[in-house]
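In the form predicted on its own, a lone chain appears below as structure tokens.
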Amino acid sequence: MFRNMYDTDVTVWSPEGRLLQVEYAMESVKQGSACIALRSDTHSVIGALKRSVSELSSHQQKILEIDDHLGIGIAGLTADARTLAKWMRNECLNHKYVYGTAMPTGRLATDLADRHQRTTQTYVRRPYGVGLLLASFDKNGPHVYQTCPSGNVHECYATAIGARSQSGRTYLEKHHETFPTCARDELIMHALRALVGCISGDGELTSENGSIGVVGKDEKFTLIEGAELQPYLDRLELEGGNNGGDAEDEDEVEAEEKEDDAMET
């Protein structure tokens, strides 16, 4: 029985009880460049690796500001992420206009997951091929949420998605017990150390391909890139930690090399 007999429509179940089109959308998230998020008791931080489709092009934006208290990191189809980001900004603006306060992150994350899920139940639309990490600080404190094309949403202390993200996840799992008491700059350094493990081959984390977003108590969402990121990279260099991984996971490396540039993940 051929697998492609059941993957021509998102509403068709396979005999194993799987929706193959949804699984394909989740695979596109794994091919996007790595994105990590973590939080302390006072701040939430997003870190992302940016890609350029050629030496003559600029790097793709991987961290987007949604509101003063909220930002997202993306892995997967950038075009889908821009569509979802526009919808999220409208939701935040409408909530602020009606209620006079910032939209609670948990409510927005749930609404976002519902929007993902609706595309898995109708044949007229394909699933969104992007995974999002939400980092925020609202009246209930700092939050990190992860969504995926299937409609699942998880609140996390720290997480990582995208290509070679397992290395970043391993680092976060080893050090997550120290995150709650970390100051802002130390939390950013943890994010950079986790990102270094997601770089393939002999690559390095630089001010051009790295990006950090931070939000916290009495601090609006701030994007740290370029010259503003360099002092943190210098500190990382002094620690001797700014080297790419050893490429121990060959499957992830091959998947990254075979990535279709037209998808702009």
Partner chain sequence: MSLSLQNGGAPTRALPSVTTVHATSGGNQRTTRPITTGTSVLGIKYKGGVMLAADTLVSYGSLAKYKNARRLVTVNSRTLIGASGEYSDLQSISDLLVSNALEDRCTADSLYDEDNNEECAGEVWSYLRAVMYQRRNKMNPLWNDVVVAGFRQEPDGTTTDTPFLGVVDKIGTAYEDDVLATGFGAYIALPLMREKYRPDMEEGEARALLEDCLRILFYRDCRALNRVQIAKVTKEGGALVSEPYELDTYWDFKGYVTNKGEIGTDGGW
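Numbering follows the first chain given and starts at 1. The shown structure was predicted, so the numbers you read here are calculated from the model rather than taken from an experiment.
This protein has a second form, the form predicted in complex with its partner chain, left out of what is shown; the following refers to that one.
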{"property": "Contact of T101 with its partner chain in the predicted bound form (heavy atom, 4.5 Å)", "result": "yes"}
{"property": "Close approach of F179 to its partner chain in the predicted bound form, 4.5 Å, heavy atom", "result": "no"}
{"property": "R126 within 4.5 Å of its partner chain in the predicted bound form, heavy atoms", "result": "no"}
{"property": "Proximity of H143 to its partner chain in the predicted bound form, heavy atoms at 4.5 Å", "result": "yes"}
{"property": "Region of this chain that lies against its partner chain in the predicted bound form, out of 150 to 158, 180 to 188, 163 to 171, 76 to 84 [heavy atom, 4.5 Å]", "result": "150 to 158"}
{"property": "Heavy atom within 4.5 Å of its partner chain in the predicted bound form - qualifying residues of 37 to 51", "result": "R39"}
